[in-house]
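Heads up, the chain below is alone and in the form predicted on its own; it's given as structure tokens.
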Amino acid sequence: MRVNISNKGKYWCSSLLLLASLCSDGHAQPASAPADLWWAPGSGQMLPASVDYPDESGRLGLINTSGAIGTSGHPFFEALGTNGRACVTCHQPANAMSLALTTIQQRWQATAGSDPLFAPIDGQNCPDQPRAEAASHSLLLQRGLFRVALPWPPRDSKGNVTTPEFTIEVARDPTRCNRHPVYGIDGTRHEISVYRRPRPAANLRYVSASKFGVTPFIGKTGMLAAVDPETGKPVNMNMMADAREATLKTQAQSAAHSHMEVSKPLTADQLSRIQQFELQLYAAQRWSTLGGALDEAGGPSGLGPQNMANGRDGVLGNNTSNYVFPMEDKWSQLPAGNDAKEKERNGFRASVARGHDVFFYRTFWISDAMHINTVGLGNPIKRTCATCHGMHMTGMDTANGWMDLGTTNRPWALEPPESPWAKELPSLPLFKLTCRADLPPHPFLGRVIYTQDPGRALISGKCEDVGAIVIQQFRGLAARAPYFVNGSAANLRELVDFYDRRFNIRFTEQEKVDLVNFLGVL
């Protein structure tokens, strides 16, 4: 049942939608998505206990384990700052609580660029550019990237300036922000601007879990881990691309300041309500156009949002008892089918099962990857995709820390003219980092490194962290393209192709198709 009630351009959810989300035995059933998929701040919509949203591969499913949520007055859904944004602005339910490029482009067309999404502070390539012009928002409109302004030199957790292990120069500045007299590295604000994708605000019980990583040390570097400022306990540092925030509360406070431009800090109650909401929300693909229901009774226990809600967090996946994405071989041996539709469904499901096996069992040589080949495993090492993407149910890395897979550093990062978007996109900034002569060079990239985004190094100031990024979760991928921190993979095929080039895997065409199909149902 789909119920839309227009009120001055806002959509309000009636009690009929809540009734439609419950079957007679009281078990939640997914409600239909409203006709207007965009959640504007302050719209007052009810978020059902279970709801589906269409995406390019079928339907994404969202589950709220605490039941339907009234969003009126809720700090995640209300504009708390000065630019009209709310948390939901960049974490849309239809996009697995992230933000798809197609949604950004549709919003630009619908509002002529006036939506708070395009606020100058980070929705523009640089804040002082003309707001009404699409060119000012080119990285957001064409790659889904927001500007992230970080202080330079870096500061520690207490706000004290630290001495980095490298110098940094702006080698290329197409956004005209890193050499800007106010916003640039040498400007009055002393900032570095990098451009990144928003991460999903769903499945965060897994993302923030620290059951496996309760050690006070960072698994990949041996350094002390960050701690929760409220409890003093170590945290897993897996939430943000550069791990600069320790908890969901500190992340929300930081985002309110830098993205919503609040005039005063969020209150303890607001932070608690945001955290509670994020910890009870789960997102995963629920329906595949070709494969059918992904959460059907007796199906694979690693698929669908309900299985995400029921799963265990903080678990390191293995190939005996805790697969990262359990399939139980339920789709490995299927009958051909009695009609064309059943044959298509079973054929696709068989492809997904093969893709699962490519992910877990197809070995290749991993080489020259910082914080992978430097943790005592050797260089190169013969492993699989699941070596780094090993967290049960999410595909993140269970161990805390970050690694450099080459998405932003030369020579592996896509750079014009190699990039398929070279004719459509302005180049990202390019930085030249020179590691200090009195310290060892980067073990794989040497003393001089060119990168689009120094990643964790902008926080730690360490040469070895240049380009290192925290691994992302794999759920709801079909609803939130493009991929990688810099949006350099427009779709899942480009993501697979990048890894194939980076590590010289030499996937067959069938392996690539199967792997894409597998990722698309997560």
Partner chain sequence: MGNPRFWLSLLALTAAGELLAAPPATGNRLSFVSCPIVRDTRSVPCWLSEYEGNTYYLTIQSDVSAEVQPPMLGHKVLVEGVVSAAPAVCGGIVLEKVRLSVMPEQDASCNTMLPADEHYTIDFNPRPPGPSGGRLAFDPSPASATAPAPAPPKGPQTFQLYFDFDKSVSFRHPAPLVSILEMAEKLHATRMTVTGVRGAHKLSNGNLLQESAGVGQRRAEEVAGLLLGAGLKIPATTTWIDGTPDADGVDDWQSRRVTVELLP
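Owing to the predicted nature of the structure, the values given are computational and were not obtained by experimental measurement. Numbering follows the first chain given and starts at 1.
Just so it is clear, the following notes concern the form predicted in complex with its partner chain, a form of the same protein that is not shown.
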query	finding
Contact of residue 412 with its partner chain in the model of the complex (heavy atom, 4.5 Å)	no
Heavy atom of residue 464 within 4.5 Å of its partner chain in the model of the complex	yes
is_contact(residue 447, its partner chain) in the model of the complex, heavy atom dist at most 4.5 Å	yes
Partner proximity in the model of the complex: residue 189 to its partner chain, non-hydrogen atom cutoff 4.5 Å	no
Candidate from 351, 105, 275, 384 lying within 4.5 Å of its partner chain in the model of the complex - any heavy atom	384
Contact residue in the model of the complex, from 216, 265, 130, 229 (heavy atom within 4.5 Å of its partner chain)	216
Contact at 222, 439 and 442 by its partner chain in the model of the complex, all three, heavy atom at most 4.5 Å	yes
Stretch from 242-250, 316-324, 298-306, 266-274 whose residues place a heavy atom within 4.5 Å of its partner chain in the model of the complex	316-324
Residues of 361-395 having any heavy atom within 4.5 Å of its partner chain in the model of the complex, listed in sequence order	361, 363, 365, 373, 374, 375, 376, 377, 378, 379, 380, 381, 382, 383, 384
